[in-house]
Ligand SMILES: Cc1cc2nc3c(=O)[nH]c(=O)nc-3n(C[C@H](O)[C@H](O)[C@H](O)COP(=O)(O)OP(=O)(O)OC[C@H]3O[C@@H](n4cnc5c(N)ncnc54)[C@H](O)[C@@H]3O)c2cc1C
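The data below hold one chain only, encoded as structure tokens and taken in the form predicted alone.
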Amino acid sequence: MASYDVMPDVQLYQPANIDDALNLADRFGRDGWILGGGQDTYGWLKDRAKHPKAMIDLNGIETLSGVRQTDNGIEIGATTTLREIVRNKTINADYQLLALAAGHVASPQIRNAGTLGGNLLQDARCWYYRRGLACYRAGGNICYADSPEGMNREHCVFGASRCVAVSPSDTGTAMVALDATMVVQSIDGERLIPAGSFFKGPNTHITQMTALRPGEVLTAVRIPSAWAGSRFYFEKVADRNVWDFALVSIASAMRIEDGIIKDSRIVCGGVACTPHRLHHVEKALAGKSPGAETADLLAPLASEGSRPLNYNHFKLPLLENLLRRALRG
């Protein structure tokens, strides 16, 4: 009989270069667990909710870490820690939205070890799913949260399709707002996936949160210079200021010329199965001036199309007020 006081038996591989990592990822496929900071990994293993045959530790691959200038912006390695992102001078000078989002992840101790790739790729936090129940996301035929007796205070108000778990990534909302591109590699080559297409909802991928295929590894994220120096805003509402995941969050980027909004990205977290972009709000913002009048006018748009569950109606006024605060700056 297995003891839950010790970690399960699993092989550990620590490749020194990306080619070895990709070969291992291809060899093990769905049975291989790509390991970054490990902050989301060990809970799954200890609870016996995931059963990989091998862990592939990327931390020994130097090329996967650090922030680099490119011809059209910056590239951030997937194993770059959240602490490095929070403190990086280039990110804070030109792409502060990402630093703000990374600074709201969990606690300082977790940011010291947690990686950008790990934060972007973490699995759903729904407690029914995490406890190993046979829900839709786990391959079953029921959503325990979306039921008359289900506890769904933290779950989605947009985009549910069988599963109602929200995307848990704080940095994911910032990446969508910054029009980032995910660099994904496998033994077959490289794929570039826009952040807005990288995160997948249960209507298309009921058992996974992203577009990653078996054998693929997220190696870097590229942020274009188009949004450098824009007006940024990030705010996260959670039960506690540290550790907790967002009940509702907002990441906004606005290009302002002569006091007029020329372009914008408004993305919300904690409300949908993927980072939730408010396209209709962005369209309505074009040509307007940021400030209280615009904020009060457009705030009700934030909750349009929502379908709250039994216990999360409170997310709608939160969402509208966060939009107000973002537009007021």
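Note that residue numbering follows the sequence shown and begins at 1. As the structure is a prediction and not an experimental result, all values here were calculated from the model.
Just so it is clear, the following notes concern the form predicted in complex with the ligand, a form of the same protein that is not shown.
Participant: So which of 117-125, 87-95, 67-75, 148-156 is the stretch with heavy atoms within 4.5 Å of the ligand in the predicted bound form?
Facilitator: One stretch meets the cut-off, namely 117-125.
Participant: Looking at V105, A99, V221, A253, which has any heavy atom no more than 4.5 Å from the ligand in the predicted bound form?
Facilitator: The option sitting close enough to the partner is V105.
Participant: Honest question, do G36, D40 and L58 all end up within 4.5 Å of the ligand in the predicted bound form by heavy atom distance?
Facilitator: The answer is yes; G36, D40 and L58 each reach the ligand.
Participant: Indicate whether the ligand has at least one heavy atom within 4.5 Å of a heavy atom of R137 in the predicted bound form.
Facilitator: No - in the predicted bound form, heavy atoms of R137 and the ligand never come within 4.5 Å of each other.
Participant: With a cut-off of 4.5 Å between heavy atoms, is L82 one of the residues that contacts the ligand in the predicted bound form?
Facilitator: L82: contacts the ligand in the predicted bound form.
Participant: If you check in the predicted bound form, is E190 within 4.5 Å of the ligand, heavy atoms only?
Facilitator: The answer is no: E190 has no heavy atom within 4.5 Å of the ligand.
Participant: Using heavy atoms and a 4.5 Å limit, would one call F245 a contact residue for the ligand in the predicted bound form?
Facilitator: Close contact exists here: in the predicted bound form, F245 approaches the ligand to within 4.5 Å, heavy atoms only.
Participant: Check each residue of 215-236 against the ligand in the predicted bound form and list those with a heavy atom within 4.5 Å, in sequence order.
Facilitator: Contacting residues: E216, V217, L218, K236.
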